[in-house]
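In the form predicted on its own, a lone chain appears below as C-alpha cells.
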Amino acid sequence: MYLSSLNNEKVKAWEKLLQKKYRDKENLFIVEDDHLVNEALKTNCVKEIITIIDQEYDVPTYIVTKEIMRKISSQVTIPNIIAICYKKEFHNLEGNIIILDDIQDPGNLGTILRSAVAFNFPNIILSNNSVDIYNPKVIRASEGMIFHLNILRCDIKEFLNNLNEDYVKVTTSVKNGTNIKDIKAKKYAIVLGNEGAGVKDEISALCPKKVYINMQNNCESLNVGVAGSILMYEVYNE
C-alpha cells in the first residue's frame, strides 16, 4: 500500500509511538534501519513494515514518501525502513537474570542488553523507574539483541523476595565485595544500580552476595554498562 499524506491517520498513529505513553497504550514500539528490522523479523514480532523502497514483506507493508518517513523517524538521517513491533511478552524464567535498579541512560541499557545475549543472561528485569526499554536509543544501542531476551518491568524488591531459591542473588560493593570468580552457582541473579546512586540499600540488603571487579586503585568505578558486561562475562566463563 502506498501512502503520501502526512495527515493520514495511519501516519499520525505511527508518529505517536515516538512517545512512551503511546507505546505503553498501544503495546507497540518502533524499530528503524535494516539490521534492526531484520532482527525483529526473525522473532515474528513485527506488526507492519514502513519503507521508502518498493519491496514487499510477509507482513503488511506500507510504501511511503521521505516526508512521512522523516515524520515518524527518531533519527536525523531518515532510514529506508521502519518496523512497528509488538512489545515482548514475558515468559517463565529460565537461566541467569540481570536486574536493573533505576538505570536511566539509554546507551547503558542497550549495552547491557547486548552483553546479556552475548553472555547467556536471557532474562532482564527492570525497576518501574528505569528508562523505557523500548526507547529508540535503547533499541539502537542493543543492536537488535532486545528481540532475543525475556523482559519484565516490575517492583524489583517484590521480585527479589519472590525469586526461587535456586538463584544466587548478587550485587556490587566497592568496599566489602568478593571477586565474582569466587562465587559458584547454577543460576545467577545480578543486580545493577543507577548510574549516580548505585543500588538502593533496601535492594542491596536482599542480595547475600556482594562482589567487586578487580581493577587499578586509581580508577574508582566503572560505567554500569561496562561493569555489568564484565560480571556477565566472568559468569559465562566460569
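Remember, predicted model here, so these are calculated numbers, not experimental data. Quick note: we count residues from 1 along the sequence shown, nothing fancier.
Only in words, not in the display: the form predicted together with a further copy of the same chain, which the text now covers.
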### Task
Flag this candidate site as yes only if R114, N214 and V226 all have a heavy atom within 4.5 Å of a further copy of the same chain in the model of the complex; otherwise mark no.
yes
## Note on the structure
Given 178 to 186, 52 to 60, 23 to 31, 199 to 207, the stretch touching a further copy of the same chain in the model of the complex at heavy atoms within 4.5 Å is 178 to 186
### Query
Counting only non-hydrogen atoms and a 4.5 angstroms cut-off, does F159 reach a further copy of the same chain in the model of the complex?
no
### Message
Does any part of M145 reach within 4.5 Å of a further copy of the same chain in the model of the complex? Heavy atoms only, please.
### Response
yes
### Task
Find out whether any non-hydrogen atom of Y86 is located within 4.5 angstroms of a further copy of the same chain in the model of the complex, and reply yes or no.
no
### Task
Verify the contact flag for Q19: yes if a non-hydrogen atom of it lies within 4.5 Å of a non-hydrogen atom of a further copy of the same chain in the model of the complex, no if not.
no
### Task
Select from 115 to 132 the residues with a non-hydrogen atom within 4.5 Å of a further copy of the same chain in the model of the complex and write them out in sequence order.
S115, V117, A118, F119, N120
